[in-house]
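The data below hold one chain only, encoded as structure tokens and taken in the form predicted on its own.
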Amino acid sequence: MNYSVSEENYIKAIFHLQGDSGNVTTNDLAAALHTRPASVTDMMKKLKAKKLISYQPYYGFKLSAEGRKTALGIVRRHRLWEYFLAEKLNFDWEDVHEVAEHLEHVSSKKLIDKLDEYLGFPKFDPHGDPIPDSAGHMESDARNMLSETEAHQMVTVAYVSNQSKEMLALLKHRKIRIGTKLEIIKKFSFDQSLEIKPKNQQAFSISETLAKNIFVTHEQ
């Protein structure tokens, strides 16, 4: 079934807000979509009628099995387009999200499956978010916050939690991206900043704030 752009935006927002479990409130969704609670209530009635959510006024709502399947399809399209833009068209990683927000509504399954095949079935998008496969399955790996990783270890950048343009531009300036290998030289107890050395670069210090937004996997 095809859904409107507005319906898809609501479905995707609920998916991100509810996480693995739990209900989403009207106010949470209104804040996430920058709209009025009354508009959310109207849309929830429509999505409930289409059996995409379970919803009770004042108790919140969550995706049904069909709603989750639909959400995963939207997320799959979005993250595949981000990967395509970054890897094939050389978009900067801070610019791909906004473009993918439009492309994700092109719902041709054949097109998306062909795109996935053309890209080599990538498991993660340019920011490290997992890309659902055609069945809705997503890869997972053991990731640790860089700020909680001990000194004198080799790690690989796997995910960035704050994906704002400002954060991604800062990481780009530091030549840090998904897949970058780092050695943690020193942790400073005074302000919890870190001295790190990316492969083939000089060592430099980063703040605790930045380190808390970078997730890494450990070198085997």
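For every residue, the number given is its place in the sequence shown, counted from 1. These figures come from a predicted structure and were not determined experimentally.
Only in words, not in the display: the form predicted together with a further copy of the same chain, which the text now covers.
Using a 4.5 angstroms limit between non-hydrogen atoms, residue 83 is distant from a further copy of the same chain in the model of the complex. Contact between residue 95 and a further copy of the same chain in the model of the complex is found at the 4.5 Å heavy atom cutoff.
Not displayed here, a further copy of the same chain is kept clear of residue 121 by more than 4.5 Å at the level of heavy atoms in the model of the complex. Although the partner is absent from this view, residue 108 contacts a further copy of the same chain in the model of the complex, with a non-hydrogen atom inside 4.5 angstroms. Just one listed stretch, out of 146 to 154, 127 to 135, 96 to 104, 71 to 79, contacts a further copy of the same chain in the model of the complex at the 4.5 Å heavy atom level, and that stretch is 96 to 104.
Counting a residue when any of its non-hydrogen atoms is within 4.5 Å of a further copy of the same chain in the model of the complex, the hits in 77 to 92 run 81, 84, 85, 88, 89, 90, 91.
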